[in-house]
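Here you get one chain, nothing else, as structure tokens; it is the form predicted on its own.
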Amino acid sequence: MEIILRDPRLPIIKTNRLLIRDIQIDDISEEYIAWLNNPEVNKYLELRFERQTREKVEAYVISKLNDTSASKHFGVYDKDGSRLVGTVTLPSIKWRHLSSDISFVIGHPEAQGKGYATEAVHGVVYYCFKHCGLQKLWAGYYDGHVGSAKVLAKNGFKEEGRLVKELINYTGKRVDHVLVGLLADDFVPNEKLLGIGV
């Protein structure tokens, strides 16, 4: 485990198998845009409602690079940091409350099913609690999204409530919006995920 602080830029977080850092314009490949538009990847993401173009993705990335305080948008890279395979995002940090929501996706087809989401979320959660001073993180997901439920549970998040039938899933069915949370005091760093030196 290694965290290289680079204020005001996002840090570089090195977990057991992954490198997590800011996404730069040069990282926006046609492959990245393609998996953002892949229905199998985005079916539980809100971006599925609007086709992603290079212009839209670049504008989003630039906005995140320009303000790393209000939100933090991390790219998740494997193969020694050379391939962008996913993202972990803190969309809206509430510094006055020391809390934030967190979202994630592993979109590259060749990187799915390897436990990368669990490891990437763990690395960012560790950074948020140990280096940023946040005290509470929460996430929401579509009821029935087994992958998100497992990743968050493995990271110690517990269900705190549901917004009943609040969301319409990719099949057109109304489902609950499941809300889970984690306090800094309850977070247990996992050396297997983070690597030695935690």
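The first residue of the shown sequence is 1; numbering continues from there. Since the structure is predicted, the reported quantities are computational estimates derived from the model, not experimental observations.
Only in words, not in the display: the form predicted in complex with a small molecule, which the text now covers.
Chemist: Please check if F104 has a heavy atom lying within 4.5 Å of any heavy atom of the small molecule in the predicted bound form.
Modeler: Residue-level check for F104: yes, a contact with the small molecule.
Chemist: Although the partner isn't part of this model, could you tell me whether V146 comes within 4.5 Å of the small molecule in the predicted bound form, counting any heavy atom of the residue?
Modeler: V146 belongs to the contact set for the small molecule.
Chemist: Classify V41 as contacting or not contacting the small molecule in the predicted bound form by the rule of any non-hydrogen atom within 4.5 angstroms, answering yes or no.
Modeler: Contact check for V41: yes, within 4.5 Å of the small molecule in the predicted bound form.
Chemist: Would L45 count as a contact of the small molecule in the predicted bound form, using a 4.5 angstroms cut-off between non-hydrogen atoms?
Modeler: Contact check for L45: yes, within 4.5 Å of the small molecule in the predicted bound form.
Chemist: Spell it out for me: taking the small molecule in the predicted bound form, does every residue among R96, K136 and L137 have a heavy atom no farther than 4.5 Å from it?
Modeler: So, no: the whole triplet misses the small molecule.
Chemist: Considering non-hydrogen atoms and a 4.5 Å limit, which listed residue (L167, V151, V61, L36) is close to the small molecule in the predicted bound form?
Modeler: The option sitting close enough to the partner is V151.
Chemist: Which one, 156 to 164, 64 to 72, 137 to 145, 23 to 31, holds residues whose non-hydrogen atoms are within 4.5 Å of the small molecule in the predicted bound form?
Modeler: It is the stretch 137 to 145.
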